[in-house]
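Before any questions on how it binds or moves, here is one chain, the form predicted alone, in structure tokens.
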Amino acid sequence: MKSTLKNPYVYAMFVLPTLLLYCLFFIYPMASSSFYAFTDWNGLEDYKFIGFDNFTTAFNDPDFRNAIVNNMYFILFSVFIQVPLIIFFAILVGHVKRFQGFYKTTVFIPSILSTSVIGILWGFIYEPEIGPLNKLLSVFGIDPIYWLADTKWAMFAVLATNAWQWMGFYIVLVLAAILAIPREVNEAAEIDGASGRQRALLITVPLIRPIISVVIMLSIAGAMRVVDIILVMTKGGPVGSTEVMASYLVNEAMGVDPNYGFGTAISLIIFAFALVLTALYQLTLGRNQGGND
């Protein structure tokens, strides 16, 4: 048995079929699709090779540049608002003595719901005339707000909805790390007179920094590929105020005058942005995290 496990061909027998399937269903389609980014092709007729014209057209389009800015809003909101709230709620749930399972299930439920369901649900909440949010604001004398039709509020409304959908998933991840901290550590700090706030900031948060780093990376990647909630709630409107790169891709590649080659070029740009941002994070904060550990 030991001699068999030392034989590299045994490992190859298990790895090669999986590697073959990975290349067949991921690497090859991705490489072949990337070629069309350099063509003018509607997906049906013969393509025409045009070099980097699709990329030049994209960056010269003010709508696409606006979509890049909106993606940055998603990233900033996720990292600087959503992640601190995730940590805060995870610590709260982690210190609950009774019904902890109930709270974990409750916060996780939005993550398993269909985005279409969530978009329709929050579309009703934001409805200016009969929506419960405006009904609540009217109690304080605030006039109805057209959340999804006003350029001042549409992006905030979509950001809040997207955060509500995915925060529960990340809360469960962080909560698992919190519950893995030995109880003796917090008990010793409590005996030494540390308050709950001090234990959270000086003990819990430093000990769960690895999972926080993972949550930040996942948030960045998620912010770069967000599209479904946009298409369901606003379709990029009003006046492009909620348009992101992925929704721009869908509208261009599958719109009235489809251009599959141009859409593929946009997908490569999105991939490059996500790769650069995650690499920068790993080379800066991620590397510091590894050094601290």
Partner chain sequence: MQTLLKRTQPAIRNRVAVPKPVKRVLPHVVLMVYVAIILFPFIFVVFSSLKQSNLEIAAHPFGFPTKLYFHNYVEAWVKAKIGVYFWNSLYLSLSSSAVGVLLAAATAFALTRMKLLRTSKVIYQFVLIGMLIPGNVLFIAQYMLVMKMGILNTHWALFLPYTAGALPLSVLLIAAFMRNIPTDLEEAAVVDGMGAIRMFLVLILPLTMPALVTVFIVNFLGVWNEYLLANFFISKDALRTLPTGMVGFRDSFQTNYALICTGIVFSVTPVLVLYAFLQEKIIEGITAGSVKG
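We call the rigid core the largest set of C-alpha positions that still match within 1.5 Å between the two forms. Residue numbers count along the first chain shown, from 1. Predicted, not measured: the structure shown is a model, and the values here were computed from it.
The next section is about a form of this same protein that is not shown, the form predicted together with its partner chain.
Taken together, the three residues I75, A157 and I203 lack any non-hydrogen atom within 4.5 angstroms of its partner chain in the predicted bound form. Although the partner is absent here, M254 is a contact residue: one of its heavy atoms lies within 4.5 angstroms of its partner chain in the predicted bound form.
Within this chain, A274 lines the site of its partner chain in the predicted bound form, having a heavy atom no more than 4.5 Å away. For I27, a non-hydrogen atom is located within 4.5 Å of its partner chain in the predicted bound form, even though that partner is not displayed.
Contact check for T56: every heavy atom lies farther than 4.5 Å from its partner chain in the predicted bound form. Applying a 4.5 Å heavy atom cutoff to its partner chain in the predicted bound form picks out E127, I130, P132, K135, L136 from 127-151, in order along the sequence.
Core-superposed comparison between the shown form and the other one: the Cα of G43 travels 2 Å or more. Annotation: Cα of S32 displaced by at least 2 Å between the shown form and the other one, core superposition.
Core-superposed comparison between the shown form and the other one: CA of L21 displaced by 2 Å or more.
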